[in-house]
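Next up is one chain by itself, shown in structure tokens, the form predicted on its own.
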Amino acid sequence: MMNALNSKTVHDVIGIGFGPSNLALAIALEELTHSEGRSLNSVFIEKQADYRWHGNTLVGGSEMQISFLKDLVSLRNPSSPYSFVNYLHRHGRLVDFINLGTFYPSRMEFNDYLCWVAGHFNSQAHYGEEVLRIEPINVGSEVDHLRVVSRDQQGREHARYARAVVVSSGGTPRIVEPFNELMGDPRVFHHAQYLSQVSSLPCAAGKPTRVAIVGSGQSAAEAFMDLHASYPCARVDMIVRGSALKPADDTPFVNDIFSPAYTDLVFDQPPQERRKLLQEYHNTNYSVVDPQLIERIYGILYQQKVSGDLRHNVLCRQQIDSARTTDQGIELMLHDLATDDRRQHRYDAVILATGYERRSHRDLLAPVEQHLKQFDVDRHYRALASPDLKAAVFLQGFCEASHGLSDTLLSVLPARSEEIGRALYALSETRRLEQPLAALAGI
């Protein structure tokens, strides 16, 4: 049953998702209200019931991997009331944070910062609704605006209308072979469900539990550390296809690739050169671990050798040839790529720290796809489209191939949100000027 919420209202913009990207956009639109002398009618739809940033993965002790100065606003407007520094000041912790002598707050604290900012925009946010699809609304031969259809937690569908949408629906857990057929078993789960699923494992009740972590990146390493520290009865194998855990390169010169200026450099390259740049700096973001965390894991394994209690392992050069569920556990056939040996291992649980795919925008925009040009975007993140699509589609977090590795990260949020915000204002002004002309033409 469709409920046409505000069916006579056509918003200037609807944001799909209210994670850091669209939260930064909400701030940018508020700032532009002052400089532009008018406001845009904007709302945001978020499927979570309340604001949470990676809420199911916020293990104790995990830290941010970028400076607190790369918050939602500081690189664009250091005096913004929505800065991380102002958040600390408002919560009476600024001096204490300074005394820590670190640029890297805990993920838990950064999540609290984001929740604090999001609270200032509650009137624009609709929580507990999952967007199902974005449909074209034709006026004559043109797609004048878009219908955003969502479903709330009671199963009711709602429709809202907009002249522009900004799709920031995030990544979808990547499930690798041979686990596709096993995901109905609660003993096999993606790292995105880590906290809720681990709490139901036997180790949470103090019972011996063998756990496999599949993956070699930061998420896998953080899950390893949490199982070690929080669940003494857990025995963990981290299964790694490569020859070793590799450190993330966050040295100063390399970190320049996450600056807003570098986005211009990447975008201005032909496609083949863009691909080369992405590959060259792949080890800054994918299948790598913070060096200090690697050292801590190595230290744990060394102390096991000293004590003789070989509780955990990091199994390198291992390919998982097959996986199957039994009453006794999850059986994995591991193929040692160095020796060509194969050996079966049995676990009580398997955690897939296998990253995310960035394809959710394609499903949401399928009804509009015929008007789009293969989901390519311009420099300001607007999807390229045929002339009959007057409504605008912007993408956040799906443009790595054209805008560089920072596209899925926090680093460029202040600059990107302003670019999209200004493009939205320009679009609104164009549409406003076109209306009198259309009336004169008798449309």
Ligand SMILES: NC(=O)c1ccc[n+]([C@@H]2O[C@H](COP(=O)([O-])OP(=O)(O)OC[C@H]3O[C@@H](n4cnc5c(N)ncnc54)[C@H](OP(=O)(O)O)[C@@H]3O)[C@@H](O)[C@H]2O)c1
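The structure displayed is predicted, hence computed values, not measured ones. The numbering used is simple: start at 1 and walk along the sequence shown.
We do not show the form predicted together with the named molecule, though everything after this point is about it.
The partner is absent here, but in the model of the complex a heavy atom of 241, alone among 371, 210, 345, 241, sits within 4.5 Å of the named molecule. Note on the partner interface in the model of the complex: the residue among 176, 310, 139, 98 having a heavy atom within 4.5 angstroms of the named molecule is 176.
Within this chain, residue 63 lines the site of the named molecule in the model of the complex, having a heavy atom no more than 4.5 Å away. Looking at residue 219, you'd find a heavy atom of it within 4.5 angstroms of the named molecule in the model of the complex. Among heavy atoms of residue 409, some come within 4.5 Å of the named molecule in the model of the complex. For the chain shown alone, residue 107 is a contact residue for the named molecule in the model of the complex, at least one non-hydrogen atom being within 4.5 angstroms. This chain is displayed without the named molecule, yet in the model of the complex the stretch 63-71 from 372-380, 31-39, 63-71, 386-394 comes within 4.5 Å of it by heavy atoms.
Along 324-354, residues 353, 354 each place a heavy atom within 4.5 Å of the named molecule in the model of the complex.
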